[in-house]
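Consider the single chain below, provided in structure tokens and representing the form predicted on its own.
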């Protein structure tokens, strides 16, 4: 039985959708009330929210690796904050929060994407159910998932990072705000129904996108950009990219093509926050997962 769901916003201080949804629920906690479970809310990086920046010292959503949480010599603001959050929601081997929903926005054309904490059957079945309600939702597994990942979601094996976009940094979008709010309520309804033995029907199959590689922008030997995402690829998240199709356009007009041998599905295309991480595109494979009966 799931007893506690944690809903987190503001892991990145300039992603306002999660910040203001959490603030709304903190002002009106009755909106999250369900008979069989308790919901807690958290602004995870309040200092970054206050200055409307992604982070103060370093990316909080890369501070939750087990080794980093145990390393007392890591004392940046975000490292200290990660340890505080791990005490409140963790630890990873016995989390106090059964389910974690970490709300994010992206400048990429990702729509509403669920990035599960793990491939636990609960995550897959809930994702399949949500996809049956909202067919435009995508389920995407990152290169790092599971409890060895450094993301906040790794504090519990159950739950998701919820990525919503495209939304510019520091900007709210009313339609996506309302859709995300509705999605969270459907998740809580599902968990409440499951706890009470009234689980709604779940499809037997679900489509997921599994990340297989990160691709950087063209750069010179000094690390300076030499090109940008090709206009034919921009905003084409989750659309098929076959071998030989253009990926980048150099500043001198030269096209640079996808040189892989298999069909892939790019995501997080030209995400603003990933320039510093040297990631222009995340390549994924499209997979069908059999959830079985029940």
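All figures in this text were calculated on a predicted structure; none of them were measured in a lab. Numbering follows the first chain given and starts at 1.
If you look for the form predicted together with another copy of the chain, you will not find it shown, but the lines that follow are about it.
Among the residues 193, 74, 171, 212, the one placing a heavy atom within 4.5 Å of another copy of the chain in the model of the complex is 171. Contact annotation: of the candidates 229, 42, 241, 37, the single residue with a non-hydrogen atom within 4.5 angstroms of another copy of the chain in the model of the complex is 229. Taking the partner from elsewhere, no residue among 125, 129 and 180 has a non-hydrogen atom within 4.5 angstroms of another copy of the chain in the model of the complex. Contact check for residue 272: a heavy atom falls within 4.5 Å of another copy of the chain in the model of the complex. Contact annotation: residue 259 falls outside 4.5 Å of another copy of the chain in the model of the complex, judged by heavy atom distances. Put simply, residue 286 is far from another copy of the chain in the model of the complex: not one heavy atom of it is within 4.5 Å.
For the chain shown alone, residue 252 is a contact residue for another copy of the chain in the model of the complex, at least one non-hydrogen atom being within 4.5 angstroms. With contact defined as any non-hydrogen atom lying within 4.5 angstroms of another copy of the chain in the model of the complex, the contacting residues in 39-56 are 52, 53, given in sequence order.
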